[in-house]
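The chain that follows stands alone, in the form predicted alone, written as structure tokens.
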Amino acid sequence: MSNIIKQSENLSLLGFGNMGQAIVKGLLRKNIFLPSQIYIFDPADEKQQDAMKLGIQVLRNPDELLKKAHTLLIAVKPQMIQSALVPLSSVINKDNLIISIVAGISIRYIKDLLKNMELRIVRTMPNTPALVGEGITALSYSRECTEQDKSFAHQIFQSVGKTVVVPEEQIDIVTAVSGSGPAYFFYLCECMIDAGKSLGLSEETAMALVRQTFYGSGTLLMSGDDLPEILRARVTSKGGTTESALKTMEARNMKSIVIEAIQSAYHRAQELGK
């Protein structure tokens, strides 16, 4: 284990949904934490069972989280942030490091909620490919965070993929682009599978074709420095099948639809924090 993690000793999680579980599994897989160093509180019996299967510690009361670890990772739904955090306001102080993965919830909002303007808070936006160790997480820091806090947070999220640092005012944009991005990808997969089926392919064959096409295309995009438009142009022969499909997409203003959809997600992220 690194010195950064050793100094932190333990990690507590408030909430243990899909993303919280993905992060814990990454930390365990990379041997950054031992199961005995991780504590969770989640009122759902199913989530408690998930935690126990991993060998991590399940607490019965949320106020015990800060007794077990100086670092608290908040992994609840945005709509639950107030009811989840307010009971902890009397036990959280500036000696604790707060890491939030809650969409739309600003650093200032958390400080106001906990009635403490001196808290060290890392606001993050991971995405679901973290489940397979291939996520991307954007991080922003409150001015109170130390360099050790920043390194510690990076190490946590690098256990489930890559990290970038952005100003906090850009986190809602990240939420709309990469946080929600996997859903856009899966929706396009659905559409292509349905198109293949409508033309006579079996669902199994269409699924196999789409899965490998996207996997291979993603690998191609990651393998060099070429922009997506360059790679697209290489597939598009003049007068060919690809050009015909792309012209249809352009005629239906697909780019405008995608941009408008992502802007909608961005505005919704901003609304969640109000």
Ligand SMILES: NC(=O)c1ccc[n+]([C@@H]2O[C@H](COP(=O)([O-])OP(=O)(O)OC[C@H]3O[C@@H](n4cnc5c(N)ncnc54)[C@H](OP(=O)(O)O)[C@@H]3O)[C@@H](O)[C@H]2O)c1
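What you see is a predicted model, and the numbers here were worked out from it, not measured in a lab. For every residue, the number given is its place in the sequence shown, counted from 1.
There is another form of the same protein, the form predicted in complex with this ligand; it is not shown, and what comes next is about it.
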The listed residue (Thr128, Gln170, Asn96, Gln155) that reaches within 4.5 Å of this ligand in the predicted bound form by any heavy atom is Thr128
Heavy atom within 4.5 Å of this ligand in the predicted bound form, from candidates Cys191, Val165, Val132, Met80, belongs to Met80
In the predicted bound form, segment of 139 to 147, 97 to 105, 114 to 122, 200 to 208 with a heavy atom within 4.5 Å of this ligand | 97 to 105
Any chance Val24 has a heavy atom within 4.5 Å of this ligand in the predicted bound form?
-> no
Spell out, yes or no, whether the shortest heavy atom distance between Pro35 and this ligand in the predicted bound form is within 4.5 Å.
-> no
Even though this ligand is not shown here, does Ala233 get within 4.5 Å of it in the predicted bound form, heavy atoms only?
-> no
So in the predicted bound form, does any heavy atom of Met52 sit within 4.5 Å of this ligand?
-> no
Sequence-ordered list of residues in 241 to 274 near this ligand in the predicted bound form, where near means a heavy atom within 4.5 Å = none
